[in-house]
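Shown here is one chain on its own, the form predicted on its own, set out as structure tokens.
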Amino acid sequence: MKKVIVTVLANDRPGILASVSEAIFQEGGNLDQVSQTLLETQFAGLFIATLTQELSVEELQARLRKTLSPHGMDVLVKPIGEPDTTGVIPSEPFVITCFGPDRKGLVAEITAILARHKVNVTNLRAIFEGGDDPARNLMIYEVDVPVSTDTATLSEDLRTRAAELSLVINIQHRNIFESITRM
């Protein structure tokens, strides 16, 4: 058995998840994980499946495209190898929220600082509706911070750049963030 990741992009409408999951099932795939989101009017879905039939990745992609493309869905299939756990760096989960006036390059500015500190972004949700209303421009980063990282220096670097950009930034361990947001 082998694992694959199926990426589907389409104009959003009801029934996309049903169509994709049925198509993968019909080709002998068992879904392991699904993640989907909407960005404006666009559906984006990632489906990790274990194949229970002998089928090449190219053949699976061709079959899924034949089934799903007539319904306006773009499909890409890639194999997933065994995870390389030799280079795993011990880390702690944090949540970074950032809001303020919109301008070009905000994500690039914040992620460059995170990259310098070897912080891995595991999830990002960013909404930029423009203007100076902070509530209309929000970035929420879920990150893994290596335990070897000086979190005080990371926090200071983020806060300094955020202040220069007139942004408000909050950095919290995920456990604290979840406790506060539950209240």
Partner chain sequence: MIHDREILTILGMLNNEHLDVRTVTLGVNLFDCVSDDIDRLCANIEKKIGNLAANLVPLCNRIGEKYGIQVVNKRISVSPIATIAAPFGPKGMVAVAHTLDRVARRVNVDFVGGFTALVEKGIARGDDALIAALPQALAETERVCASVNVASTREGINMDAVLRMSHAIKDAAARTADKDGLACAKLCVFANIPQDIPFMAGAYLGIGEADAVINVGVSGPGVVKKAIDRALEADPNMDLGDIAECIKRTAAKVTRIGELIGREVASELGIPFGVVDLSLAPTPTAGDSVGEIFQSLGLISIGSPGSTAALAMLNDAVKKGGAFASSHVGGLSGAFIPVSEDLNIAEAVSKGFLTIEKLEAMTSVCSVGLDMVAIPGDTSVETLAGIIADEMAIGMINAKTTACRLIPVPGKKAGDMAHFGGLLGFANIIHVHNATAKGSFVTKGGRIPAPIHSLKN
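Source: prediction; values computed, not measured. Numbering follows the first chain given and starts at 1.
Beyond what is shown, the protein has a form predicted in complex with its partner chain; the following relates to that form.
Taking the partner from elsewhere, no residue among 30, 58 and 71 has a non-hydrogen atom within 4.5 angstroms of its partner chain in the predicted bound form.
Picking from 58-66, 110-118, 136-144, 43-51 the stretch near its partner chain in the predicted bound form, with a 4.5 Å limit on heavy atoms, gives 136-144. Interface membership of residue 26, defined by any non-hydrogen atom within 4.5 Å of its partner chain in the predicted bound form, is ruled out. Its partner chain is not drawn, but in the predicted bound form it has no heavy atom within 4.5 Å of residue 161. Remark: residue 95 counts among the residues lining its partner chain in the predicted bound form, judged by a heavy atom distance of 4.5 Å or less. Residue contact with its partner chain in the predicted bound form: residue 10 places no heavy atom within 4.5 Å of it. Along 145-177, residues 155, 159, 170, 171, 172, 173, 174, 175, 176, 177 each place a heavy atom within 4.5 Å of its partner chain in the predicted bound form.
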